[in-house]
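Only one chain comes next, encoded as structure tokens, the form predicted on its own.
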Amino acid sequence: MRILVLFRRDLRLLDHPALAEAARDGEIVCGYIKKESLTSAHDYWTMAHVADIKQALNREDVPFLLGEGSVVEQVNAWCDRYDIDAVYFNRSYLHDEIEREDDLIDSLENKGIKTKRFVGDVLAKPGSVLTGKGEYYKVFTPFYKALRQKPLIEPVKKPTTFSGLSIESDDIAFKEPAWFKKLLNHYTPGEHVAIEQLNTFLEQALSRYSEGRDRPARKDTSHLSVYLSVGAISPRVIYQAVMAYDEVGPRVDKEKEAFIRQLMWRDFSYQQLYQHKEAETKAMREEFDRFNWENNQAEIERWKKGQTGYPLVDAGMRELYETGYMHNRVRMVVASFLVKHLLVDWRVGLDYFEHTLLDHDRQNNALGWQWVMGSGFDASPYFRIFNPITQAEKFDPDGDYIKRFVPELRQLSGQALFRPFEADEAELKRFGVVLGEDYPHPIVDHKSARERALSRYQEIKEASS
């Protein structure tokens, strides 16, 4: 049988169910259909992994095709050109992609071409973890506890042998803009790199993960999200490796569980968007769509450029610009600042993260912004407004993270670093900092912004009662 394996957000050989079964069932060719226009950091990061997986498959004498545009049209064209008998792929759980899958299956089956889709990118299939009443979980902790009791899908081994069709591979040619090349100084694409990163995390950081994961200056997080986002590694491979890690003891078991909990949050976000298909554009609690936003464009631009006058916020936004990544603790702070201090629609932040994050994941991004806004079912309470000053004091106590990404404040320390707008003017000048020239005045006053946000939230609360 001549089989086309359609790659998507699963750019790997290990734990690729569609590829593994196709390798058993017949002769194969693999293909990927790219976006017509590459615009975001994640778009280019994806294409870098497409080039990597093409090389990996070519080493196994499996040809690789690159298409563009309509999935239905391109796959049908490949099937006609190469006399394909079957198309295998790992399924998506985003509703727009599910619709395209269904259209593709209909078009192929009308021509007598067999299709098979597999569960490839989650620990448990969305809809398989339900409450005792058979309903979807709305809150993460009960979902997590239920998932921990459930047998999880085992990762699939990489095929030991391949039989590739005798056709030529397409060239993977795309021009990387200078701004993207800069990001590659911090992250290297490839499945083998993802596996190396997993092993490094297990050996060097897992043992202090629960505390270290909130410290942006430390290297105590896995950084695997950049590889999960393109499917260069699967959550099932990560889960299995963490659980099998051979260092044992109560402390290590606690650290393992803290990490697994975060990995399972990803499954929770997939289930939430599977159930709520409009969660990327509408508040999950509809009363929040009536929120009275300011949406001041000048303030939005200052937020994007890391010029808010709040050092931790600015460090996070500049880390994003420089590396294509932002520490998760800081993501919560900068998101809260945009939504609650500046009263900017959460969808503005969602769109900006989509454009700039290497590890952009539609489900995680949507649920994260809804959590900050307070509009998700399992969300930060609307009255919880992160104080960017105390967050810096608590999670970057030595200021190392701030000093790395806000170099104009590098000579400052203590409260002058965390609150430069409250420091003595002469003291700042002694260290080469003049507010309004070298570093901006605060874009808003924290206390006033907090009171304004609470007032706006109270408005929708009263309107809904």
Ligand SMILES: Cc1cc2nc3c(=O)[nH]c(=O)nc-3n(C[C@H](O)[C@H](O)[C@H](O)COP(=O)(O)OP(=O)(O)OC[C@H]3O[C@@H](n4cnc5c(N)ncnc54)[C@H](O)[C@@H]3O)c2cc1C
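Start at 1 with the first residue shown and count on from there. Please read all numbers here as calculations on a predicted model, not as lab measurements.
Absent from the display: the form predicted together with this ligand. The rest refers to it.
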Practice problem: May I ask you to state whether Tyr310 is within 4.5 Å of this ligand in the predicted bound form, using heavy atom distances? | Solution: no
Quiz item: Are any of the heavy atoms in Leu263 no more than 4.5 Å from a heavy atom of this ligand in the predicted bound form?
Solution: yes
Exercise. Give a yes or no for Arg215: in the predicted bound form, does one of its heavy atoms lie within 4.5 Å of a heavy atom belonging to this ligand?
Key: no
Quiz item: Hey, in the predicted bound form, is Met326 touching this ligand, heavy atoms inside 4.5 Å?
Solution: yes
Practice problem: Spot the stretch among 368 to 376, 153 to 161, 172 to 180, 73 to 81 with residues whose non-hydrogen atoms come within 4.5 Å of this ligand in the predicted bound form. | Solution: 368 to 376
Exercise. Can you work out whether this ligand is within 4.5 angstroms of a heavy atom in all three of Arg2, Leu65 and Thr115 in the predicted bound form?
Key: no
Quiz item: in the predicted bound form, which of the listed residues (Glu299, Glu255, Asp361, Glu191) lies with a heavy atom within 4.5 Å of this ligand?
Solution: Asp361
Quiz prompt | in the predicted bound form, the residue from Gln391, Gln275, Ser207, Ser222 that sits within 4.5 Å of this ligand by heavy atoms | solution = Ser222
